[in-house]
Every structure is written in C-alpha cells, then in structure tokens.
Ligand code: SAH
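Single chain ahead, written as structure tokens, the form predicted on its own.
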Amino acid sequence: MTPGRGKLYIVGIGPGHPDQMTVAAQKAIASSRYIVGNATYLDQIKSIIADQTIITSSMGKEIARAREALELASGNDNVSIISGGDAGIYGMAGIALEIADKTDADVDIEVVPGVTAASAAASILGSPITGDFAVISLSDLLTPWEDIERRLSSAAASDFVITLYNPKSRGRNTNFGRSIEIIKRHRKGSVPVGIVKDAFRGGESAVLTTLGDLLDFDDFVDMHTIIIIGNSESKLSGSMIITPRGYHRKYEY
C-alpha cells in the first residue's frame, strides 16, 4: 500500500460460509475501516466482522456501491467491498475497476480472489470440470440474449463442459429452458448433469440427472442454483460425475 493513500480491497468471499473464505480475504476485511456490500453477502460474513462501519445496499446497486467504496478509500481509509464467490467472475471487480479507471481514482486497489460458484458446485458433484469448461451466465440484464445464445451453441458444439450461472429468476424464467434446447442440438440426452443449490450454505442440495431429463427439474432451478452439464466423456460413478482429463489415453492405471 502506498503511504498516505487509501486502499480498496475487492473481496471475493466464496460460496457463503466463512470456512470457504481465503485467509487473504479474512485479513483484508479485518484491516478495513469500512465494509461495503449488499445485505445477502454481508449477512454471510457477519461472524468475522468486528467493529467496522458497515454500509449496506441492495442488489442492482453495484455502480453506486462501487462509487461509494472508492470515495471512502480516497479518504485514506482501508475499505473492503464484498462480492460473493470470486470478485472477478460476475462480481464487483469489473465495475469497481471500470469506475476507478474512468474517474482516475487515487487509491490502491487489490482484488482478493475467492472460491467461485462453479468450483464450489463441482466439488459437491465430484469432478465434472477437470478439463476444459465454459462458464455462461443466463442473465440477459447486461448481456444481449443473442450473445448468450451464440456462446451456448459454440460451447456445446465444441464439447466443453458447460457451467450455467444465474439460470432463472422470477422475472426471467424462460432463458433456462431455451438454453437447454440449444445445448440439446449438439449433445446427447444421456450426458450427465449436476444441479447444485445453495452450495456450502444452509439448505444445500444437489441433484444428478441427464441432459434429456434436465427440464423435469425446472421448478428446482433458481438464482441460487448452479448447473454443470457434462461433455461427451463425462460419466456417472455412483453419486458423482467424473469428466476424464485424458490420463486414460496415455497411461495404464
């Protein structure tokens, strides 16, 4: 940290339980005078917050949250802005850095990585993303649907394992079904699929199914759900999904 300047930590807190937070994330929060975030994420880390000043805002207020965090840090204070999962994957790092760049903010900034939802969900399902995989958000609030559709089709045709974020909300409940129909054009219905809801949070649940039967679980899917769709080599082993990385093509074991 540069002497006489404030510092903004953009902190990924992982899937929601302090046990899945990095030591670096906990240290950044502990060293900050101000903690900025939405109520959902702040509630998940309340056990490690001491006597810092807490600034809460709602979902959808990311720009205002980033601006306020940068303004506080410009006053020579340490500030942590909280992001679920990893701050650089659909998190607060992008918008905070964009605003800092546009406004020439005179603060030190450090992005503190965290366990993202894809790796959290994958660990519950076994080893579905051992090799190449694509992560695609189905939210079209910031990304045009035409772009999402093209990315889904390309990933499915290229045989990537596909991890879906933000599959369905109350106001956006058709994108999930449309996405699965796109993927089915390129992939067999027997491909294994894992659905994980609230990974490492209270009420965690997971379902194993196939691509052909995935839409039978439409009512189970929401914004707290991660869906991992296997590729042509993915297979079920008991209650786990394994996607071989390729060792079987080179070695005997």
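Values in this document were obtained by computation on a predicted structure and should not be read as measured data. The first residue of the shown sequence is 1; numbering continues from there.
The next section is about a form of this same protein that is not shown, the form predicted in complex with the named molecule.
(request) Determine whether any heavy atom of Ile89 comes within 4.5 Å of a heavy atom of the named molecule in the model of the complex, and answer yes or no. (result) Answer yes; at least one heavy atom of Ile89 falls within 4.5 Å of the named molecule in the model of the complex.
(request) May I ask you to state whether Val161 is within 4.5 Å of the named molecule in the model of the complex, using heavy atom distances? (result) No, Val161 sits far enough from the named molecule in the model of the complex that none of its heavy atoms falls within 4.5 Å.
(request) Answer yes if any heavy atom of Met223 is within 4.5 Å of a heavy atom of the named molecule in the model of the complex; otherwise answer no. (result) Flag for Met223 set to yes.
(message) When the contact criterion is heavy atoms within 4.5 Å, does Leu211 count as touching the named molecule in the model of the complex?
(response) No, Leu211 stays farther than 4.5 Å from the named molecule in the model of the complex.
(request) Please pick, from Ala28, Leu70, Val196, Val191, the one residue with any non-hydrogen atom lying within 4.5 angstroms of the named molecule in the model of the complex. (result) Checked against the cut-off, the match is Val196.
(message) Within 4.5 Å, heavy atoms only, which of Lys61, Arg201, Arg33, His186 is in contact with the named molecule in the model of the complex?
(response) By the 4.5 Å heavy-atom cutoff, the listed residue in contact is Arg201.
(request) Could you tell me which of 151-159, 114-122, 176-184, 97-105 sits within 4.5 Å of the named molecule in the model of the complex, going by non-hydrogen atoms? (result) Flagged stretch: 114-122.
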